[in-house]
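Read the single chain below, which is given as structure tokens and is the form predicted on its own.
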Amino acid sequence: MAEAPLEPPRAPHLEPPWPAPQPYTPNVLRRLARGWRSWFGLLNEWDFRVALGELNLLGLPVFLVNEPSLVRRVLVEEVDAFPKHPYTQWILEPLIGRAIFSVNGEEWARQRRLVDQAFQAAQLQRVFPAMAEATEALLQRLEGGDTPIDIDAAMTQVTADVIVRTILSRPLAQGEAGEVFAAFARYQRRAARALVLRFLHLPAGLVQRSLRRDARVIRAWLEQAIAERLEAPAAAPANDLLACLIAARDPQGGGGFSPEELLDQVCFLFLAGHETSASALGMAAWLLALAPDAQERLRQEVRAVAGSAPLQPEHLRQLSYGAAVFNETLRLYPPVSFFIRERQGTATELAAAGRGSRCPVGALLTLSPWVIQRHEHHWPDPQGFRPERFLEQQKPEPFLPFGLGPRKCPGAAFAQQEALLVLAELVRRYALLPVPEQPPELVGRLTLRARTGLWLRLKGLVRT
């Protein structure tokens, strides 16, 4: 009897490097020490296997929620019973005040109504020219060099340029934001340490002191821009995001944002629209350099959709593989790696994997896209770079780089349009090549960033 022919071996999927979790330790102080420079150090290898992790952190009950049904319960079904944890407000308050990201209850609901109204007025189609101009400025900065470049720094600049053009209707001036970028880098480093110190019960005011010094640099820069707009409203553009925020009125109360609230929202939108997008775009470009087949497939898709014509929003909507590349990047390297919630109201039971755990009032619940989206029970080949998984009819889950439920990020569509535009323009002009001798050191702070940069070579392509 003849043997059936063997199937040809499948090419292994790329498994890009990542800061793998540490061995398990029951010593809480040792885990806190590991998290001093990067929040990833708080994790251990078992966190990527369990449905529900439980820890007593110096008297504070802490749960790591990985079970999909529990994730939906916390983020979608019982949002009011699991509001943002006070630590979220505490660690971000020096920078974004009481902006929409960290507040709860009616304060959040009112802000969300106003922000949604502003985003609806400043439609994606309307802000696209600002994105295109910032992308063209990026391409001009990249011209003429064959030496390695830090794509992380390049993406930090272009996403800041996009958000400044979108909010203020002007480009980011050369050298304008250098001090702001440096201040935010310091804020990121200190925020990771501040959270560890807060777990150790150091007074909030004392630990916040260094955060406030760096936050003042960023807030002063944006406050000046807002003040100039408020002093001369007649001369201002009518439809940029700042104008839409100023004009927004709460349909339930009639009021708008006060000047202080306006500054808080703009600081948050700058953080969310620039910092998280820079993280995701830098990682996407780096992954494409590591995966030449995926890069070429995206390049061919862009050429098939737009040829050599300038990209337009309708072209981006046809880049299904480009969207899959971006989503797979967000799965492997989510810019915001942890969400924390607090149990309020009454104690409850958290059931997962056939067992239950009592969750008392005041408990801290961590929902980590970094863990959930690499969890071996949720994703086949969890460490592999496989964009095609997002092209399959059955969409994978849980997938939450933008959160879930009513508090899902309102700028998700903005981020996707920006990312597809920048990546598409990059790959149709350049071959992205890795620099193996300069591997990144990824750290988890407020956002995921590469401590020493993400280094690539760009090889210009012959335009057709």
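So that there is no doubt, residue numbering starts at 1 and follows the sequence shown. For clarity, every value in this text was computed on a predicted model and none was experimentally measured.
Below, we turn to the form predicted together with ligand HEM, even though it does not appear here.
Please pick, from 84, 386, 375, 190, the one residue with any non-hydrogen atom lying within 4.5 angstroms of ligand HEM in the predicted complex. Only one listed residue qualifies here, and that residue is 84.
Sole residue of 435, 409, 55, 52 within 4.5 Å of ligand HEM in the predicted complex, by heavy atom: Selected residue: 409.
Is residue 326 close enough to touch ligand HEM in the predicted complex, meaning at least one heavy atom pair within 4.5 Å?
Output for residue 326 is yes: heavy atoms within 4.5 Å of ligand HEM.
4.5 Å heavy atom contact, residue 341 to ligand HEM in the predicted complex
Contact with ligand HEM, yes.
ask   = Even though ligand HEM is not shown here, does residue 368 get within 4.5 Å of it in the predicted complex, heavy atoms only?
value = Taking the distances in the predicted complex, the answer for residue 368 is no, it never comes within 4.5 Å of ligand HEM.
Examine residue 422 and determine whether its closest non-hydrogen atom to ligand HEM in the predicted complex is within 4.5 angstroms. No - in the predicted complex, heavy atoms of residue 422 and ligand HEM never come within 4.5 Å of each other.
Exercise for review: For the three residues 108, 276 and 330, verify that every one has a non-hydrogen atom within 4.5 Å of ligand HEM in the predicted complex; reply yes or no.
Suggested key: Checked in the predicted complex: all three residues contact ligand HEM.
**Asked** Of the listed stretches (357-365, 305-313, 377-385, 266-274), which one has a non-hydrogen atom within 4.5 Å of ligand HEM in the predicted complex?
**Response** The contacting stretch here is 266-274.
- Task: Go through 154-189 residue by residue and record those having a heavy atom within 4.5 Å of ligand HEM in the predicted complex; state none if no residue qualifies.
- Result: Stretch hits: a single one, 163.
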